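Before any questions on binding or motion, here is one chain by itself as structure tokens, the form predicted on its own.
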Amino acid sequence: MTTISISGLRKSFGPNEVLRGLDLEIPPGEFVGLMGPNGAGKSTLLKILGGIYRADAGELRYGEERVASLAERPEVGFIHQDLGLIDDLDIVANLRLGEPPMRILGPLLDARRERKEAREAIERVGLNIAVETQVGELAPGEKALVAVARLLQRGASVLFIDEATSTLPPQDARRLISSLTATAGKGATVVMVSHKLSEILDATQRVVVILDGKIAADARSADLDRDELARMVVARETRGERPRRTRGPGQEEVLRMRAACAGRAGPVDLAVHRAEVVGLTGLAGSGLHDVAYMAAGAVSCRSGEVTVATGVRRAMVPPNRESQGGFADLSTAANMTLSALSDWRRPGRLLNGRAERRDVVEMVERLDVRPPDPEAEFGTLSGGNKQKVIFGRVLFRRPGLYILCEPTRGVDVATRADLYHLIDELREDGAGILVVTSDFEDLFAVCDRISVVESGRPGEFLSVDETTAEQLEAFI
């Protein structure tokens, strides 16, 4: 087993310095939790270690050897948020990606041996499913476990996990954490990036907090409590605790769905009223996101109907900001304004660039996007700041109906609080809001009424005051 030593690591994207002389040592056999607000440099650090980015300065040592990255080490593996799996291939093929095929003689493929080793690999992480199953048919937690199994099958004893639990329902997240804990218990080194405080405290032996590109804290998990860790992670002052002000549905509907069917969803019957936040949750494969797409008009109903009140504009925050949310090579400003450019048109269709930039600067300040540079490329922003840019685009649409799909996925504690405050403000301004989320915290923080989507259909709507997280978890 080998110690990983990082000293003086620096990385900038244009004028934005992300890592500022970071120093860190990871001894063998530890389960380390890596935390910090969005933009702190966590993912950039892992991408340098994985050879995706090259550091501007600093030193990385693997044992006594100085290396540019850990990418070529067969005993070191990385799992990023997208997991690197292909839905259209089965488990066997996904485990073999990038590996030479197993052969009997010459060109003959040893399919039996590949299936046998695949079964052993997934059993090692607690999965008991047919290895011929297509990955696209798996639950999110099962996909994450397949990604872990692939690393372990290839002999990885050092695992870097970047926000792999951010998209998982609670049960699946616990299943993945349990597998990683067992792996660490057998002597592996595990470094896990997460914004979820309870995961870090329950699973890891050590917590490292990165703030502004440097190590701000490094402590044993057993010596920390949730409140202390939250104070460490939130690098700037937030607006404090918000009293939850739930209310019943009003009289004026902005959205009505009647027996609406599309994708895996339907028939769906629900209403959203002005100045109301309605929440939906459910398991992967339940049709949860399809309800959001129908409500937003992103997909057409194959039967039933979706009606939006006259004169009400609608806008959606999509569930996957990487593939659906923004254009990596365009600036923050372009990503914010591209769906509302007509607002800055002069007579003759010419764009009033000065007015557009002025409004973008105000929106960047309002949402506290970091770095506060309208020309910063979207692709260089942290996940939470990308989410803020997408919210900015939605706000520029000035809708009366917001469909917020996984609004806080993969964001830090401070950004989550900011987005909750923003949703509160939108409701107070009279907007109707549909929150579609797999994160229970979203439901209890901002929603008035909530329901569980099962087999494509929302169940009974209950006041959030009448429901507990334990009850919701039991429902799904």
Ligand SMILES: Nc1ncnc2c1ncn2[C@@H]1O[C@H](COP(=O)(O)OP(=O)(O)OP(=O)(O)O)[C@@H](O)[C@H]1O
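All values derive from a computational prediction rather than experimental measurement. Sequential numbering from 1, following the sequence displayed.
Omitted here: the form predicted together with this ligand. The next part is about that form.
Undergrad: From the candidate stretches 62 to 70, 431 to 439, 38 to 46, 25 to 33, select the single one in contact with this ligand in the predicted bound form, where contact means a heavy atom within 4.5 Å.
TA: Of the options, only 38 to 46 has residues within 4.5 Å of the partner.
Undergrad: Just one of 282, 326, 141, 384 has a heavy atom within 4.5 Å of this ligand in the predicted bound form. Which one?
TA: Selected residue: 384.
Undergrad: Work out which of 371, 400, 266, 77 lies within 4.5 Å of this ligand in the predicted bound form, going by heavy atoms.
TA: It is 371.
Undergrad: Quick one: does residue 16 come within 4.5 Å of this ligand in the predicted bound form, counting heavy atoms only?
TA: Yes, residue 16 lies within 4.5 Å of this ligand in the predicted bound form.
Undergrad: Taking the shortest heavy atom distance, is residue 163 within 4.5 Å of this ligand in the predicted bound form?
TA: Within the cut-off, so yes.
Undergrad: Does this ligand come within 4.5 Å of any heavy atom of residue 331 in the predicted bound form?
TA: Flag for residue 331 set to no.
Undergrad: Flag residue 133 as yes or no: does it have a non-hydrogen atom within 4.5 angstroms of any non-hydrogen atom of this ligand in the predicted bound form?
TA: It does not: once this ligand is placed as it appears in the predicted bound form, residue 133 has no heavy atom within 4.5 Å of it.
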